[in-house]
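Next up, structure tokens for two forms of one chain, structure 1 and then structure 2.
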Structure 1
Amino acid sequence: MQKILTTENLSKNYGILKALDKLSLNVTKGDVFGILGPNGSGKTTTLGILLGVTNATSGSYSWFEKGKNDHLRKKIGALLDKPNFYPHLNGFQNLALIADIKDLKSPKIHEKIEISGVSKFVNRKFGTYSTGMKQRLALAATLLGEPEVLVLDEPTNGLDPEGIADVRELILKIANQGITVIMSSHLLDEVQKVCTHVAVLKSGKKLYEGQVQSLLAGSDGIEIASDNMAQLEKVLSGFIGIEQIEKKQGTFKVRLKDGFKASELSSFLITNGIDITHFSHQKGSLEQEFLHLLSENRA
């Protein structure tokens, strides 16, 4: 599989603050790679380094296995932090300028305008745009020049619910064409809905990198209650597939080890004579997993 991006021990210090601490990542062609982390965890810093605007303190990165030549970014559609355009030019002129920078022969500007839903205001001066309009124009700009990779820093920032849905749909559509997407988000739900891979950052450190699926696997929770909670607890702790038991308002919340099924637990309990009054299987959410990761790594 073709490597799109590799980073090795990428670090960025602002004075004594380690905004990014030895980050190593691997992104393969076709991934929708989420960089997930709370505010200030180093997402924008990471993307800023990868996009050539922030100088790393140490470490290295390579795009398309070709290094970090500035011109490689012509094949990347990127939106970093906030949309940046010339306010006295209209949307179309701004897009034309970017097409020019990217050396595009036939930039298909109108097509991108259509896809990103900016046609209604594309002839207005950028300076008059609302936050959401700016964000959409920035998305249109990232699509210019048939990029091999999209790098999106919180792409749904500032959009209304319809806009958020549109953008997520757009990202999925792009990903379906085989284009690699690297996006940052602090919204777990977003990463879960859109991404195939995720790196979780906290205070500049990587806590997890891998498939979203495997992060979720084994994270399914089971809620169990019985009339005799003491007996239930005793039997539960005798089941070998238990990863964790948590007592919560008259129920037990159980997480199973990898490879154990909820049905195995329920038949185990029944054969051990437990009178189950409540047994519900909850799909893991990235949110729980994320909070779990963050709390495990609390300094």
Structure 2
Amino acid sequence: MQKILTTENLSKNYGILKALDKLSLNVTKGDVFGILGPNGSGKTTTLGILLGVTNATSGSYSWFEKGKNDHLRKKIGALLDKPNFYPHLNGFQNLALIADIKDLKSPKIHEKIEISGVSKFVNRKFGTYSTGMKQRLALAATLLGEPEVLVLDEPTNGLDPEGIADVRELILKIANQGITVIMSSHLLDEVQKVCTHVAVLKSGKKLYEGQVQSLLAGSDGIEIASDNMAQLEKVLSGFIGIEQIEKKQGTFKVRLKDGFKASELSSFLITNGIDITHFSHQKGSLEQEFLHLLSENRA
């Protein structure tokens, strides 16, 4: 697969503060790549460097395996700040103005309006738009130049649940057209629903990079309870297929080793005289793994 972006030991210092510390990433064509981390982790700093808004202190990066010149940046659509258009113009007029400023010969404005889902309100003045409408129009504007890559900084920030769902749907729609998406976010559930790959940052350092599904692999668990929790714990400790046991809120959460099935554990418990009152499969979440990574890397 074509490499869309590579960074090598990218660092950014503000005096004694290290905003970014030797960050190396690889994004390939077709990825929906999430840069995830708490406030102050270096997400926005990373995107600012990649888009030429700020300079790195050290390290390097390359777009499309060709470097970082202005010509290459024309292949990149970006949305870093809050949408800002002329409030007295309607959506279509704002898009037409942007296309004219960028000297786009064939901007296909109507096509971008349909893709971004702004057709219902494109003739209304921008000043009347809700936050979600503004975000959709901004995404339409980034698509005018037919970018190969879309870079988004916290695209659902400040949106209500309906707006978040709308933008999520739009990002997936854009990705399905073959556009590579690189986005920062602190909304773990949204990253899990949208992204194929993720990098987890903390205090400028990378804690993890890879497929979202790989990060979640093995995080599924089984919640078990019995009227006799002491006996249950003793019997559980004798099952060879258990990777981890955690006691939590009146239940045991069990993670199984690869190759072992929940049905095997259930049969083992019944055979050993356990009266099971609760047995539930729990799907792993990005939030659990994210918090686990942060706890493992406390300064």
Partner chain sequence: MANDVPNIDLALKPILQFPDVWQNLTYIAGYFKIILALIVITSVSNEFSYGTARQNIIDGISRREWLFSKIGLAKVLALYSTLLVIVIGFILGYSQGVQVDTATIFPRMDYVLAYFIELIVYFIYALFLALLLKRTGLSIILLLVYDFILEPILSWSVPDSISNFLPMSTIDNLNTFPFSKYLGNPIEAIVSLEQLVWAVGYGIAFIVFSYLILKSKDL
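For the two forms, the rigid core is made up of the largest set of C-alpha atoms that agree within 1.5 Å on superposition. Nothing here was measured: the structure is a model prediction, and the numbers come from that model. Numbers follow structure 1, counted from its first residue as 1.
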property: Form predicted together with the partner chain - structure 1 or 2; result: 1
property: Displaced residue check between structure 1 and structure 2: Ala99, CA, 2 Å or over, core reference; result: yes
property: Per-residue C-alpha change between structure 1 and structure 2, Lys257, threshold 2 Å, rigid core fit; result: yes
property: Is_shifted Leu172 between structure 1 and structure 2 (CA, 2 Å cut-off, rigid core); result: no
property: Per-residue CA shift, Phe239 (Å; core superposed between structure 1 and structure 2); result: 3.2
property: For Thr128, CA displacement between structure 1 and structure 2 after the core is overlaid, in Å; result: 8.1
